[in-house]
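What follows are structure tokens for two forms of the same protein chain, given separately as structure 1 and structure 2.
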Structure 1
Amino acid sequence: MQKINLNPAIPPLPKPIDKRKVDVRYMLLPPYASVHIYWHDKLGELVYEVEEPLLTNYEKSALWKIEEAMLELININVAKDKDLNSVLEYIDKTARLIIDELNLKVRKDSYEKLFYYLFRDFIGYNEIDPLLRDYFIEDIECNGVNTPVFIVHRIYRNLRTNIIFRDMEYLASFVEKLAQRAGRYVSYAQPLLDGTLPDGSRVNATYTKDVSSRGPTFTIRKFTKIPWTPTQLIAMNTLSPEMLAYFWLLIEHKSSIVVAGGTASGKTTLLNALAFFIPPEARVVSIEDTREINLPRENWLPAVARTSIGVGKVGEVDLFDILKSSFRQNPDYLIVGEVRGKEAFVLFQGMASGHASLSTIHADSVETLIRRLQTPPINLSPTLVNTLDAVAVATHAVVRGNETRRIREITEIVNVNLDGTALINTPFRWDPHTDSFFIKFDSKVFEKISLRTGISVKDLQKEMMTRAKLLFELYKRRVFGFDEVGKVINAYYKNPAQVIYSFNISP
């Protein structure tokens, strides 16, 4: 049987000091596909070139014939349910059968190459399959025919690839394939796709064969399978241990938190990291349009809103309905992937009646957020907005020449007046000049918690510092893993003294 290595080693890639000197090559699907990233003098930029086996004209025509015959023979849905090895075997057997039937002359080395393409096109995602297998790729973007596919690379950021779709029909059928894999449907009548691929990657696409446009488009945001943990965010300097400890206390005491920020500012990433702080025995319900959230716990009910046409009215109603029924399950914590429309009303009502919540909203400042919440389509009353305790503002940042993310501030909603204006307090602030975080020991939310629980504000502050030390210690000891970090936080809930002791922390 032919072998394709689906789990190649992840190469160490250092941050380049001089982009012009970059010249790296690593395997994507050994031994067949690799990538070459290098400085392109003429373009004056770094390029990402996928390298695949070259086919002779004879091999190309053989591949077409085999693929055509295979389309008739193979039942991909049957193949999908099997484990990968038996699928590879199945393709191998069928291909050999076809070659015999059609009397094609295919030598052994040719067959190996053809097998790679059959795998790529039937099991994988055609031309972009190698990209989807690159650990370093975050986003893949195609803006139509005759224009290169672009990617976002963890180390080298935005890169042009050598993949170009030339044929409108072909690209349209590829978008159909993406829709099918996401369990959705696209057509002229429903040209927008917003879904999740089986590996958790998020896909958005438009479907058109209109000749006046560049044709269909798609973007794929790859699912970073294991979400980032709080300690990893400390390692990235996204926010400080004190800020995380502050949220830890807020979450323990059932406060309501929103992560605000612009597109791709790291909202969902922070939301997921904060969810680590939910007490282990609490009942959690999470609601999303597309699956992005992953929690280290058992008592968790994830729900994905089923929308058939992606963004727009239908999607909002669905999230709204799911949210309503979620409250009937009486969760202690409710996580809403992204608040966009009238479902906000249900969420904030739930918050007003004592449910803790974590969510994200697209808004690049607290002022914008407060305004967005009170204007269409969200339209909340000032009283409801008042139930929000704290807002983290995520932002893109360039630090020492590198694109990254920072939590620019944590702001508390002290009071929303009847005219819609808000009184706010900002205990944490990021300083872009020094790339450090400033803390002000004055938290209105701590005062609220103190009134509710009888724990003094001083003790809350002390507890915050102890937890900050613990998180920092975890970071120093390189405890980054999803399960490991989850375990320590859960253990702390059960027996803080013991955790403090075992990590050698002075309270």
Structure 2
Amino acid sequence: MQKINLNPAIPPLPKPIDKRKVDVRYMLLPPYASVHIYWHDKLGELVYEVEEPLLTNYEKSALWKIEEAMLELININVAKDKDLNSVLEYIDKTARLIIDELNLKVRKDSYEKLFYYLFRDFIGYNEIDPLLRDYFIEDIECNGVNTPVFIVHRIYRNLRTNIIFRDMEYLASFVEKLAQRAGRYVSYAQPLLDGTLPDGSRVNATYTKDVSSRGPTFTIRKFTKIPWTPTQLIAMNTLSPEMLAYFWLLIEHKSSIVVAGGTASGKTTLLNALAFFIPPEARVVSIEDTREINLPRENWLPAVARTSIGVGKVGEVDLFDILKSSFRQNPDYLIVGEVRGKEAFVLFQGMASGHASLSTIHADSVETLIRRLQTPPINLSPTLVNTLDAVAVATHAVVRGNETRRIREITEIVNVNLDGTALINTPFRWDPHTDSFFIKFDSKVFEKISLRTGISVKDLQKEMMTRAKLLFELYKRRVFGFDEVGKVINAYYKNPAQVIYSFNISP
């Protein structure tokens, strides 16, 4: 039986100082598929080339015959439900049976190559399967036939690939496959697909040429099984240790935080990182349209909205319904993946009644955020908007020629007046000229916490700086792992003095 390694080591990729000097290769599906990222002189840009086994004309013909026969024999649903070794064995036995029956002359080395393509096409996602296996890819974008598939890479950002769908019918059938894997249905009558693949990745697609002129299209936002940790965000200079320590204190004292920003600005990434700071004994309920939140804890109830089947909204369970029922589940902390409609009213009512809440929203500034909350379809009263404590604004940034993400500012909502104007305070701000973060030791939320708890503002500031030193020390020692960072933060809640001592930090 053939071996395919679905968990290759994640290579350390250096941040490019000069993109023209980038020339890296790493494995995606060892030993068969790899990627070559390099500067293409003719195109004048970095390109992402998937490298797969080359087939001779005879091997291509044999593969086509085997796949045609397999379509009649193989039960993909049975294969998908089994563990990896059983799936590989199932495909192996079926393929060998077909080769014997069709009397195909396939040498051992040829069979190994054919086996890879059979696995890729029947269990994986055809041409884009290696892309979905790449840890560094965030988005996969197909804009139709006869145009390259593009990807968004964590290190090298927007790259064109060497994958091009040439046939309209083949691309349409691939969109059908995506719909089937997402448990959805697409047709000429319902040509739009919005769903979630089994691994949690979000897929959006169009099915016909009537909707998009280049034919069927799809965009896949990959689900990160292991989210970025707070120390990794420090390493990427997304925000400073002091900003994270500030959020840590706010979360501990049950303040409500919203992360605002544009599409793919890093809102959910920050939300996941902030969730590390929720006390270990707290009960957390998360609510999302598409599963993107992943928390390092056991006492966590993840809920996902369900879209309707067909017309008439049959079987639909939206964010509003789940959010209403979630308050009966006694959460200490409520996380809502994204606020965009009537569910905001329930969320802010929950904030007003003392439930600590974390959420994201599409807005490029605090002013835009406050306007969005007070206008249709959300329509919150200024009194409810006042229950929000702090807003982090995430943004795309170009630093020394490289695209990246930064937390542009952290702003506290001091008071929202009846006319919709707001009094705000901004204790943290990013300076794009120097790519550094500035702190102002004046926090209105600390004053609120002080009134509730009796802890002086001065002591809260001192504690913030101690936690900032701890986070920076973790970064310096390269403690980046999901479990390792979670353990240190949980240990700090139980015995802060011991953790400070073990990391040799002066309080």
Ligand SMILES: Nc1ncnc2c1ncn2[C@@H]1O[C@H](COP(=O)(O)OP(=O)(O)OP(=O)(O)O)[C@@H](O)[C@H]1O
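Between two forms, the rigid core is the largest collection of C-alphas that superpose within 1.5 Å. Residues are numbered by position in structure 1's sequence, first residue being 1. Computed from a predicted model, the values in this text were never measured in an experiment.
Legend: structure 2 corresponds to the form predicted alone, while structure 1 does not. In the core-superposed comparison between the two structures, residue 368 has its Cα shifted by less than 2 Å. Once both forms are fitted on their core, a CA shift of 2 Å or more is seen for residue 187 between the two structures. Once the rigid core is overlaid between the two structures, residue 237 does not reach a Cα shift of 2 Å, moving by less than that. The shift recorded for the CA atom of residue 168 between the two structures is 2.8 Å, with superposition on the rigid core. Superposed on the core, the two forms differ at residue 18, whose C-alpha moves 4.3 Å between the two structures.
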